[in-house]
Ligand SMILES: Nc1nc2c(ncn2[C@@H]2O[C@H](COP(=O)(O)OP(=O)(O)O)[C@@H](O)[C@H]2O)c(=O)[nH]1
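Only one chain is shown below, in structure tokens, and it's the form predicted alone.
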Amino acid sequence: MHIRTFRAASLQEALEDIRRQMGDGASVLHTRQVREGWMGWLGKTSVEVTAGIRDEQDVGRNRFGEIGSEFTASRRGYPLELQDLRELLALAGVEDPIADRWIEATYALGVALPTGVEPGQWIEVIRETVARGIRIAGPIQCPAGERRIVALVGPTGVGKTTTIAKLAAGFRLEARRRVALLTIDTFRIAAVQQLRAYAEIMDLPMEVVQNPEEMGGALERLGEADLVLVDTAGRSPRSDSRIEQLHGMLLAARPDETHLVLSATSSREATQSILDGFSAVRPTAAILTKLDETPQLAGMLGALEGRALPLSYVTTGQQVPDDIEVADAETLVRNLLATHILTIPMGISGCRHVA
């Protein structure tokens, strides 16, 4: 496989450069945001995309017809196209045991299909495989006349405050619930001001709590609300003392649900560190933000594999109250691997279409 790295002002510009220089058959292997300038300071942000394309001899050998008609001696006899997907999973940050399990299950599913698997359709089968293992929590439960307290936790920069505003708008304007906001993020003045601005726009009551002792009084003043959304300060998952402080505040708030906010742009290692660090606050679900900023989710879904943490919502932009939806497996596996820049073939016969 021939691999090149491109840098541009936006992801779309980078994809256009790849398309122009490498052709429509190129595969996106990795993306990341970089800041130019001295040691990342005082520079503009750009997008770096690594892309690859099969060598001509590989492309020719990959044109197999009926499943099982052509195999190679390597990797347990899997078709070459499935072997390429295994490499892409590794490049996307999926751990080897998880990637191997996905490929094995994908091969078994493909063999079981009555019509076989045509060239270019293995991506659909692997999406089906991964979708079957994704845990979905469903939306926040907010029955009329029953107060619910829901907290959002997570590291800095994942979009907790904006996500709270989106949730508040949805429950206030669409579900017709009485919504209140409460923030314990007193470390950043801008965060309090941002949440207060949202509260004023939507005409919502809001409380600022600085320590656990103030929590009871604040919740009592918000007693008329059906739903209290709690915004928290960003915490480093490696800071035990900060996580302990957060845990103390949540013990005082006694939330019915605690949602861990994760960014889809985070690496596998960063995601695993966040999941481990925030396990002390016992999140009940996860919210995945910034789906619009990454062309693939294989590494993220791989990091969530085996964790007892279902997904509740995903966000796809900064617009409030838009750009948020209840998580579902089809949306998530759609961006499993950006294996082709332009189009992905339609779903195969006998396999649920998830493109």
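Since the model is a prediction, treat every value here as computed from it, not as a measurement. We number the residues from 1 along the sequence you see.
Absent from the display: the form predicted together with this ligand. The rest refers to it.
Of the residues given (Pro79, Gly110, Pro283, Pro155), Pro155 alone sits with a heavy atom within 4.5 Å of this ligand in the model of the complex. Exactly one listed residue, out of Gly93, Gly133, Gly277, Gly159, brings a non-hydrogen atom to within 4.5 Å of this ligand in the model of the complex: Gly159. Heavy atoms within 4.5 Å of this ligand in the model of the complex map, among the stretches 45-53, 326-334, 297-305, 313-321, onto 313-321 alone. Contact annotation for His259: none of its heavy atoms lies within 4.5 Å of this ligand in the model of the complex. Residue contact with this ligand in the model of the complex: Gln194 places a heavy atom within 4.5 Å of it.
This ligand is not shown here, and in the model of the complex it never comes within 4.5 Å of any heavy atom of Arg127.
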